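Listed next as structure tokens is one chain, alone, in the form predicted alone.
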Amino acid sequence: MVRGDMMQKAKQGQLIGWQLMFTGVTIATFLLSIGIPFVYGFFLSLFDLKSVSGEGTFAWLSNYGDAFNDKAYWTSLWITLKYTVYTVVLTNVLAFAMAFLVTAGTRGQNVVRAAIFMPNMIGGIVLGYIWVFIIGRVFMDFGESSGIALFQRSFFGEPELAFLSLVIVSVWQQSGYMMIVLIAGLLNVPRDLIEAAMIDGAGAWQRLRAIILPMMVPAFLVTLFLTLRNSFLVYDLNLSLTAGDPYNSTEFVSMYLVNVGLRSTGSNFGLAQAEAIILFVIVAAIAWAQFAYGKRKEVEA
């Protein structure tokens, strides 16, 4: 009996060893890149810090109280939320339309896939400067030559047009990557179901609504999560394309946090950390709600 218990414990120890061998690197990487920095960031949010390297005094939860009273923070968060709604909806609709078209068996569809995916390979800073030239110079020259009033207006001088520029460039950049994810989802839809529906007389719209879209729920969960994360945390494109102008009307929350924590005068690193923690909670809650709703739809489908 004792020997059997010892052998059982040895097997359990061996199993744990194998698990650590395969998951240890992943766990260590997660802790070093996400877990420990997050805990340290929460620790810093409890201090009154005027700079990253400066000495601070323990402030307990006063930074969180200041964050809830910071109107500029909530304004930037509201602007980011509007931007997120536009980019998430438009990116996924456009990505699905393109994925549907490039899986229809047309000639040259692989070349089209590569061309659509290409903008995702360009970094946000470079992409922003490219579109600054396109919007600021090419659009203006086109407007002067064509006489179209819209292109004669300064896109970076009007809040609505500057916001629209950010949405357009973001959708243009992200839709190619999301298209690849949705292509994988489309290819996993069983062909026999579609063929059976065609035999039963189902039209293209009926097949799309009753078969293809329900079977695509797992792929949409991935693309919705990725676009949601990218939209809430966008910084590089925001910095290079509009820099928050005009009059901070396009200053998204990530840029606002950087400005609060690292600006040359009047910086408050502790407050920025507290506001970043609040942002994390909001984004995590939205992502969890989206995931839970999506999983329920997946089960129903």
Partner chain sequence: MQPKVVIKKSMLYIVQAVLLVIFGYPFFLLIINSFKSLLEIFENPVALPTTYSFDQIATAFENMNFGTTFVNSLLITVVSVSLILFFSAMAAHFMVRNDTKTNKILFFLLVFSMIIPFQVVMIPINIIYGGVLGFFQDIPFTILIALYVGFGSALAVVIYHGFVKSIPYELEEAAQIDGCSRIGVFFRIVLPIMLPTSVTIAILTVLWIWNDYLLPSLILTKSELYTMPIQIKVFSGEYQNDWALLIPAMLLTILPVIAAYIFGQKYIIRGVMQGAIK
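Residue numbers count along the first chain shown, from 1. Just so we're on the same page, rigid core means the largest C-alpha set that superposes within 1.5 Å between forms. Bear in mind the structure is a predicted one, so any value in this text is a computation, not a measurement.
This next part talks about the form predicted together with its partner chain, which is not shown.
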{"item": "Stretch in contact, per heavy atom within 4.5 angstroms of its partner chain in the model of the complex, of 67 to 75, 159 to 167, 102 to 110, 82 to 90", "value": "102 to 110"}
{"item": "4.5 Å heavy atom contact, Q273 and its partner chain in the model of the complex", "value": "yes"}
{"item": "Any non-hydrogen atom of L61 within 4.5 angstroms of its partner chain in the model of the complex", "value": "no"}
{"item": "Contact flag, W18 vs its partner chain in the model of the complex, heavy atom cut 4.5 Å", "value": "yes"}
{"item": "4.5 Å heavy atom contact, I116 and its partner chain in the model of the complex", "value": "yes"}
{"item": "Listed residue that, although its partner chain is not shown, lies within 4.5 Å of it in the model of the complex (heavy atoms), from R209, R191, R137, R153", "value": "R137"}
{"item": "V217, I125, L228, A202 - the one with a heavy atom within 4.5 Å of its partner chain in the model of the complex", "value": "I125"}
{"item": "Neighbours of its partner chain in the model of the complex among 144 to 175 [non-hydrogen atom within 4.5 angstroms]", "value": "W172, S175"}
{"item": "Rigid-core frame, C-alpha of G65, shift of 2 angstroms or more between the shown form and the other one", "value": "no"}
{"item": "Rigid core fit then M21 CA moved by 2 Å or more between the shown form and the other one", "value": "yes"}
